[in-house]
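First, one chain by itself in structure tokens, the form predicted on its own.
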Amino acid sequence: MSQQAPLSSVNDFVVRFANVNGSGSASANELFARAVLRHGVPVSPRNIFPSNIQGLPTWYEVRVTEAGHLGARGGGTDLMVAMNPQTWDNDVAGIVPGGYLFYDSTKPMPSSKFRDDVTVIGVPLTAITNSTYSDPRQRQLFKNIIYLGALSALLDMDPKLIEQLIGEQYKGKEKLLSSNVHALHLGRDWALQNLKCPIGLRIRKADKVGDRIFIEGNNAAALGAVYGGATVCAWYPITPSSSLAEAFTNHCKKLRHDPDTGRAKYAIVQAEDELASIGMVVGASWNGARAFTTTSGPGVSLMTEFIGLSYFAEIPAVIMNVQRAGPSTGMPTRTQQCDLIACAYASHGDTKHVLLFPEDPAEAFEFAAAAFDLAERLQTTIFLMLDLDIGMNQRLCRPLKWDDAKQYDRGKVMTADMLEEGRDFGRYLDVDGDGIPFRTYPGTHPTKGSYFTRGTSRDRYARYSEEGAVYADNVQRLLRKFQTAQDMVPRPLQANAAKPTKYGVIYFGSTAPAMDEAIGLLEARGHQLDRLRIRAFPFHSSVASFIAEHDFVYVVEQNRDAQLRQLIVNENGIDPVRLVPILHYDGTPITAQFIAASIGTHQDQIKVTPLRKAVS
């Protein structure tokens, strides 16, 4: 019996499902999240899973948030659905005081396994399934739907909305549809007849979702590649990026077949390794295709030689890097923003690469499409820097939009007519000072415009040369091209505090939802911060200006070594003392509570009056 008053909250709590990987729970847990959305209440779900195939623990956390906070909340779980004996002790320990523990009560549990300050809700799930189903697999799968039904009663959810979702999922499969609805009501009816329903946590219908869509970042980026004109994808499987290539395949099957002949207008190759995949991308791009690969940190490490070729020979390429915790194998199924330095300066020698930092699936779609224009305009590798939190979790975001009148920008391409007119073609000749030369496609003209593509040093006309002055001229032009990119890439977005302040914060990518929420927490403590969300590297001049306007600027990122801060210091010559690192790198998504506590503590310290000043 709980010795603390149970939590009471409407449309603002966290439910965490603790399951065994491979038990079929994923679809039921996602169904719960979608059902909350159908009530008009925003959710922010996160799938926490092991890197093996089956048997290890997995969790699915759903933040129910009418206020629309899409970052992980942190601070414990309000309702724990404990379905995994392996993780029972830790799961129970993670419940906030006054929270709720839902479990399968078929087998009695010793009192030592419970907490006095938590409300325990037992439902004999195994007994219900065993008495209803004889097939072992059905027992396991429908057990998940039965606990969903019980939760619907406990949280005062409308079962008709869940039935609608089941109907959509199993449309045309009437036997599966009816059996799932039956299992749903088995759990719901048992809870209504045997438990006090609803509990203190409730779902109440609202209208806070609007026209937003619910989509994974990898799926959105894959669709962006299709709309961005990609026709070639060469990839090698690696968590957490594999689903991006798979989504691209599915989108191409729907959108990239000739309606008359049925012929595929794309090529997707699962290569033998990452090195081969980037080699195929560079080769296809050299030949005029829009090509990309998708990978994660270990794959980027293997690709660096070809990335250097793309940079030095100036061949377009797009790499979609879904970052995970490193180094080496690291934690394949945990999130980090830890590949910035590796990608910004990938390959040996002096290189600098364009990085794009989307904050959510909507920007993942837009930036993925834009990456192919940028790659061709700049004739270089473009990195789309996703991470596991964006890539493999479904997120509410604004609808994906596309202008059907848009024309692809293929950059400086010299045509046969231009060559016939007598235009001077030097493959590495800078004709207008922006550092970007003209290129030709293979076969453009029978006698003009050809050149030898090489990774060795050459002059402005692609002729081999080892002269120091020629080499220096070429690499200096590449630097001018990188400077030109500053005004091509997405610019930072600035939001100023309600009151003038000497302090600012810089952040990027998947940190955005937690940062947006943290600002409110900091304001409640009396701290005002201007904020700047960086969306690309190279940095626009506004980044240096923002830092110059503030005494201290916090740089919030999800890695150990403050990699974004390092890039800012290195590229802008900023005094590092003025940039205060706020670092989170345990593999879980950063939370608003963490950001607010870290910045708030520093703010409190710098506002303390020194003793010598107080007594003077």
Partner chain sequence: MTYIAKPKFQHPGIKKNALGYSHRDYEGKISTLCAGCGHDSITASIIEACFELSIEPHRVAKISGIGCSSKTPDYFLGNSHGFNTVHGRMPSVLTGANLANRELIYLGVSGDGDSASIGFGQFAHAIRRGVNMTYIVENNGVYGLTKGQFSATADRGSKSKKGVTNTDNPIDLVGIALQLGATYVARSFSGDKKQLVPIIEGAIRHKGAAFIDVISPCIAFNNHAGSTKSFDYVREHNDAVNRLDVLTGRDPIEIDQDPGTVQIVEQHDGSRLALRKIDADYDPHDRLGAMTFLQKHAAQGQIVTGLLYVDPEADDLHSHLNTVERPLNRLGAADLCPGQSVLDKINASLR
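Positions refer to the first chain, counted from 1. Predicted, not measured: the structure shown is a model, and the values here were computed from it.
Same protein, other form: the form predicted in complex with the partner chain, not shown, and the subject of what follows.
A.B. asks: Only one of 436-444, 322-330, 542-550, 493-501 gets a heavy atom within 4.5 Å of the partner chain in the predicted complex; which is it?
C.D. replies: Flagged stretch: 436-444.
A.B. asks: Since only the chain is shown here, I'm wondering whether residue 350 would be in contact with the partner chain in the predicted complex (any heavy atom pair within 4.5 Å).
C.D. replies: Residue 350: no, not in contact with the partner chain in the predicted complex.
A.B. asks: Since only the chain is shown here, I'm wondering whether residue 211 would be in contact with the partner chain in the predicted complex (any heavy atom pair within 4.5 Å).
C.D. replies: Close contact exists here: in the predicted complex, residue 211 approaches the partner chain to within 4.5 Å, heavy atoms only.
A.B. asks: Is residue 173 close enough to the partner chain in the predicted complex to count, meaning some heavy atom within 4.5 Å?
C.D. replies: Residue 173: no contact with the partner chain in the predicted complex.
A.B. asks: With a cut-off of 4.5 Å between heavy atoms, is residue 469 one of the residues that contacts the partner chain in the predicted complex?
C.D. replies: So residue 469 does not count as contacting the partner chain.
A.B. asks: In the predicted complex, do 272, 288 and 365 all reach within 4.5 Å of the partner chain through at least one heavy atom apiece?
C.D. replies: The answer is yes: all three residues contact the partner (heavy atom, 4.5 Å cut-off).
A.B. asks: Considering non-hydrogen atoms and a 4.5 Å limit, which listed residue (197, 206, 418, 264) is close to the partner chain in the predicted complex?
C.D. replies: The option sitting close enough to the partner is 264.
A.B. asks: Counting non-hydrogen atoms within 4.5 angstroms of the partner chain in the predicted complex, say which of 268, 521, 177, 342 makes the cut.
C.D. replies: Partner contact (heavy atom, 4.5 Å) among the options: 268.
A.B. asks: Within 4.5 Å of the partner chain in the predicted complex, counting any non-hydrogen atom, which residues from 85-119 show up?
C.D. replies: Residues within 4.5 Å: none.
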